[in-house]
Ligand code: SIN
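Below sits a lone chain in structure tokens, taken as the form predicted on its own.
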Amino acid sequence: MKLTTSQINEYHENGYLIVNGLFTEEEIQGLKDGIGKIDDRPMPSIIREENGAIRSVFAPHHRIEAFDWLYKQERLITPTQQLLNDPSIYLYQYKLNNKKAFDGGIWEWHQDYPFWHIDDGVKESQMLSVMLLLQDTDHAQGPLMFIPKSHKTGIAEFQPKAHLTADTIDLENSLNGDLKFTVKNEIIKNMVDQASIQPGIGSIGTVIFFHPNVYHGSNANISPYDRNTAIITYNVTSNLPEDRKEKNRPDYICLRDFNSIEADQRSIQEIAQSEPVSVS
């Protein structure tokens, strides 16, 4: 699938692009079946809410072949190459974000790139993320919300957080509801006054391409329906993270297979019976 000139311009103008119905309900069901195969035992790559519910699963492609299939789909790869204006892209980060019905938690207003630039040493914001909606998603489910045009500001000033100090901050403050790099409240107010807030909503199988510097966040899920998504981040191979040796973040967060992605031509039906990938 190729994006139109209008779609490309919309992405660069607003910092995100919503494409409805890019995946079928049958394909989404195949992915959901894969989620059911994920081992629920405690492990670092599974992030939980305070009540124990799974909030995020990082590197799901290491466990389930359906998710390995997903990030290699031409209908994601080609638009990403277009938007980044580069044919050589690789998988930088991959996660499932889950919001349970009635009590799924919030994500504060933030940009993604500061985490990748500061924590991983990625030099340029020549990256993008793709969110796939795994069910019909509306305003009540705590969808991702965007502030259009905010990606043009570069890295924004961070909101001070007195409780996060060098002694208390840890890896999970990059992964949970208490993020260490959030956009300063006054900046959010000014940008919303200018550009408003737009929700990332749509029917099952909808895909949202978004820039790593666009301001985004989400409310709690107060609906009686789950809000589950897959988020795939691509980077260009000329923009690799630094190798900081023992200071590198875990490779389930900052993936380090820098090979260019080749499209997977198989259908979801062909891999539906695959066994879970063994992980230690």
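Quantities reported herein were computed from a predicted structural model and do not represent experimental measurements. Residue positions are given as counts along the sequence shown, with the first one as 1.
We do not show the form predicted together with the named molecule, though everything after this point is about it.
Site residues Tyr113, His117 and Asn235 are none of them in contact with the named molecule in the model of the complex, judged by any heavy atom within 4.5 Å. Partner contact region in the model of the complex: 225-233, out of 225-233, 240-248, 30-38, 64-72, criterion any non-hydrogen atom within 4.5 Å of the named molecule. None of Thr80, Ser125, Gln159, Asn97 but one reaches within 4.5 angstroms of the named molecule in the model of the complex through a heavy atom, and that residue is Asn97. With a 4.5 Å cutoff on heavy atoms, Leu132 does not count as touching the named molecule in the model of the complex; it lies far away. Mapping the unseen interface onto this chain, Phe210 counts among the residues with a heavy atom inside 4.5 Å of the named molecule in the model of the complex. For the chain shown alone, Phe181 is not a contact residue for the named molecule in the model of the complex, no non-hydrogen atom being within 4.5 angstroms. Although the partner is absent here, Ser45 is not a contact residue: none of its heavy atoms lies within 4.5 angstroms of the named molecule in the model of the complex. Contacts of stretch 207-226 with the named molecule in the model of the complex, defined by any heavy atom lying within 4.5 Å, are made by Phe210, His216, Ser218, listed in sequence order.
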